[in-house]
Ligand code: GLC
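This document starts with one chain, in the form predicted alone, laid out as structure tokens.
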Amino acid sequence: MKKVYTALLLIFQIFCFAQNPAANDNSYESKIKRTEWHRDARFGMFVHFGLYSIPSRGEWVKSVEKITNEVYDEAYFKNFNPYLFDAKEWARTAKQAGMKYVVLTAKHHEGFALWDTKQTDYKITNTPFKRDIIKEYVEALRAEGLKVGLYFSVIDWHHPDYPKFKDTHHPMRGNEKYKDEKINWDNYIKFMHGQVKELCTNYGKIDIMWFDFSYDEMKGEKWKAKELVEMVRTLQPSIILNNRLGGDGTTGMEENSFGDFDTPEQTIPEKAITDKLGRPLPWESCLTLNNSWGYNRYDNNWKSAPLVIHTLVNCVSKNGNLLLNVGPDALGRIPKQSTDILAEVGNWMQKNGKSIFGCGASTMPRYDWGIFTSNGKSLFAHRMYPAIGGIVLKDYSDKVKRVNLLQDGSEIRYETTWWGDNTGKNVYINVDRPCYQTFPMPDKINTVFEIELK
């Protein structure tokens, strides 16, 4: 009977590929088409949540402190009860901040599953909390019109068949107890693929699968990545994938054929990411709000709202996205420091989101006062930094239709001659006193001028 089921499943998968030939197409054109909504969205929320929220020393605490399964589970698995978790509140927080999608750690490296997986007992429904967080999460996001992303670790420090003694990161690395341990790697791959299949089957449409991460020899076909990607794209034909099945995320998409977008971490590229032909590649920088991914009550090095906004603009000006992380505490609440920052970011986004959503790089240079983003016939000048002088667009006098203040649509007058330049070819916006009218900068974080082109 099992053989019959397997054969029927294979036939079904082949049928799905026939009906959706683009689902497994890794051409540049297909990646650009698949990521269209993602490149329009530009701003998303990353959520790191798991058992590690209880010790509150970061999501790598099990590895860093070399904690055994027995000690870890006794302290955290048996006591995990985030009874203040509210998926609707998480979704509202993201939406009010101006974010268009959310990516939640369905399973991090510790191996603990936030859904009712049938592959293991190491799951949230076997904790005092009992509820399936993934189910509530996807429903809450869809209700707010947000895209659904799931993070999945291909690493698992809890599974008995994951390598230990010689592994670079495993909590039991170098532990003589595991020096001669025999493991069944095929069994682990079957388990790991089975969990991914559940996430792609049981929760409706998934928009992003965010795999993490590859290292040393643990990459590519070590994960049976081709087979894994084919399964995911069969079950979720329009899903987009990051690039970490083939590398750690810093190697770029050209070194593997599995991802749709690049994932620089805790940094912003110096310029737009392109392929060998100079064509722009989709990318998304993932960044923490303090210095930690998982909840860390000792880490109060919070990034300010102005820094977050400037970083977002910087990403968009280079054709990239910003995926900004929050780490809920052990009770399931996003820390107040995070929500306060996000609320301030959201206030700015409500007035200036047009300069972010659907925007990308412009041909304009970068200036001391700030940078440009663009969308079609609109240029957006982001005056973010104190500077002497105004905004100058060289050889643009015959191209500009009008200039307005983005936050309220009010007219901004400009000149085509200024201080010795009588050519009439340039556009001058004196932001301190435009055309002799007093005009204090209305937004201390980032005043945006929309320049409509003819």
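Note that residue numbering follows the sequence shown and begins at 1. Remember, predicted model here, so these are calculated numbers, not experimental data.
A second form of this protein, the form predicted in complex with the ligand, is not displayed here; the remarks below concern that form.
Student: When the contact criterion is heavy atoms within 4.5 Å, does Leu281 count as touching the ligand in the predicted complex?
Tutor: Heavy-atom contact with the ligand at 4.5 Å: absent for Leu281.
Student: I'd like to know if Tyr188 sits close to the ligand in the predicted complex, meaning any non-hydrogen atom pair within 4.5 angstroms.
Tutor: Answer no; every heavy atom of Tyr188 is more than 4.5 Å from the ligand in the predicted complex.
Student: With the partner left out of view, is Glu265 within 4.5 angstroms of the ligand in the predicted complex by any non-hydrogen atom?
Tutor: Answer yes; at least one heavy atom of Glu265 falls within 4.5 Å of the ligand in the predicted complex.
Student: Tell me, yes or no, whether Phe46 is in contact with the ligand in the predicted complex, where a contact means a heavy atom of each within 4.5 Å.
Tutor: Taking the distances in the predicted complex, the answer for Phe46 is yes, it comes within 4.5 Å of the ligand.
Student: Would you mind picking the one in Met384, Ala87, Leu146, Cys286 that has a heavy atom within 4.5 Å of the ligand in the predicted complex?
Tutor: That would be Cys286.
Student: Given that the ligand is left out here, which of Phe112, Trp210, Tyr137, Tyr295 has a heavy atom within 4.5 Å of it in the predicted complex?
Tutor: Only one listed residue qualifies here, and that residue is Trp210.
Student: Report the stretch among 101-109, 360-368, 137-145, 330-338 that approaches the ligand in the predicted complex to within 4.5 Å, counting heavy atoms only.
Tutor: Checking each option against the 4.5 Å cut-off leaves 101-109.
Student: Each of His38, Phe152 and Asp260 near the ligand in the predicted complex, meaning some heavy atom within 4.5 Å?
Tutor: No residue of the spot touches the ligand in the predicted complex.
Student: Listed by sequence position, which residues of 55-78 have a non-hydrogen atom within 4.5 angstroms of the ligand in the predicted complex?
Tutor: In sequence order, Glu59, Trp60 come within 4.5 Å of the partner.
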